[in-house]
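Heads up, what comes next is one protein chain in two forms, each shown on its own as structure tokens, labelled structure 1 and structure 2.
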Structure 1
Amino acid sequence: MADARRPRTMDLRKQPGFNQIAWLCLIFLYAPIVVLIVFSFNDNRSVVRWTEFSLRWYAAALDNQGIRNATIVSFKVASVATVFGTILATMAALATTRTAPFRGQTLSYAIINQPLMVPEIVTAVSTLALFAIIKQLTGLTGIGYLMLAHTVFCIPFAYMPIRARLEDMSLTLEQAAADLYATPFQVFRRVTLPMMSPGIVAGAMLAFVVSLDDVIITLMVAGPGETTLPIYILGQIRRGITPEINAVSTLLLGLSVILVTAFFLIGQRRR
């Protein structure tokens, strides 16, 4: 850059105090999480006084039936929502990228991104109202409603990285395959799909994280016995703070961090 032939002693890009504020932001973002994680390993019940390293709260959390059940529900819902959300998002991404502009393109984008534009609480109560009507009409109950609600908001999150990946891919390889008499299905199966798979994996991971972390929509839509992990944690926090909750929270946090880091690394490798 221009730095090499810089005649002045002052760095043009610098603004006074800006890097201090940046570091402050970083500390602000991470300090509370670090405190939570550190004290989840504390032998004491206290969240301020460190006594000794211990895994007892993790043992207690894993032994807790409520936490176990909530974990199973969370993973069931997140898995189903991720699979269906990612499939729908992949199809939509294939349809909306690498084509000449078509009629309804902007509208399609708007509809796919709709779950991101409406405040979550509004989506939550509206979905509750719709499901109440469906339940009244059909008498159907079950965890399917929750899975459906999660699938809807997973679509735009899965869609973003898949679309980004597709837009980076040129059509040449697919055209070459077609020239070599591959059927459209073969082209898709042997060329397009393998090439776009990092995007699909990334999209699925984001969808999974977003479903796993959801509170508001789940809170409104979930029926009895459909308590997910965040809802369980919320209930416990309202009743009072226990070190067990710190341990479960750390585990859930760790899972998100692992998934998102993997997502980030997939994106890095592409470059």
Structure 2
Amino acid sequence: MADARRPRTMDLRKQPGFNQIAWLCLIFLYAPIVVLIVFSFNDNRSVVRWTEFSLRWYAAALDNQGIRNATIVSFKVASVATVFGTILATMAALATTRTAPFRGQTLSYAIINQPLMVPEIVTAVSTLALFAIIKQLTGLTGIGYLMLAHTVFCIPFAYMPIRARLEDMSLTLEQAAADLYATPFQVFRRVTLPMMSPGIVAGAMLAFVVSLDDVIITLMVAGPGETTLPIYILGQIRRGITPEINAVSTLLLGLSVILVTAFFLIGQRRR
């Protein structure tokens, strides 16, 4: 009788056409990426006609001074944005999880996650307008504006895994350390920080990937000589797709996959 009264659950995998639709979605999602990777190893300059396997376009990409310069700029901006964005995200996560519930806490979450809710083009245009006013008033220029824009944009991406890690952590050990007369700083350094480190590392990796792959904000904010790798690829595509661009895109894709995989594995650590 107990089994008869138990509610039946619907298994979507057994619904007619589910497998076919799922495979169709996967094909449309990953087929362009597979084509990109395959033709990056094509010896022919054509990106639609295969001749033979070759690594010539990877060698050409590595010898391209423009690609090297854009890569250096990308890593500089992404590194700075990751460091400062992760620090600010960690402070925000501690302030919203290691305190008693307060009035306006939901508003705090909304403000921190604002870049995720607002369309990126809106954020880019508003940032451009703000920086234009600052440049006019101060006369200051440079790559610092691009680094600042990326830092702010990366904060919510680093904040999410750090906050999730803190919410999963019990307060027992921190309270025990406080009972043993440890100062708040000692509790944080010896108990809280080591336990939340997987979340910090995962958040930093996610922030780095987001900054490295960003196009819209960079396109709006970057000044002369501040061309990042995605912007360089976009500029080259306007002149026509070449296997060299396929090779660069494949390398960038590989780096992103490695970092995202590491982020996922580290994020799975609960102890």
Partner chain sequence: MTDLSASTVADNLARARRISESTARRRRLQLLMPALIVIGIFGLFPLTITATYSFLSPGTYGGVRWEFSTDAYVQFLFQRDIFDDTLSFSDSYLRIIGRSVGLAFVTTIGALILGFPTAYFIASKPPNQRNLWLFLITLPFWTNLLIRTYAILLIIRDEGLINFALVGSGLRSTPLNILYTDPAVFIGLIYSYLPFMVLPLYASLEKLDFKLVEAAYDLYATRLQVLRRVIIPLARPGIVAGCILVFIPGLGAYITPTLLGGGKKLMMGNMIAEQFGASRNWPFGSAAALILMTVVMLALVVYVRNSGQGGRRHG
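Throughout, rigid core stands for the largest set of C-alpha atoms superposing within 1.5 Å between the two forms. Reference numbering: structure 1, starting with residue 1. The structure displayed is predicted, hence computed values, not measured ones.
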Structure 1 or 2: which one is the form predicted together with the partner chain? 1
Flag for Arg56, CA shift 2 Å or larger between structures 1 and 2 after aligning core: no
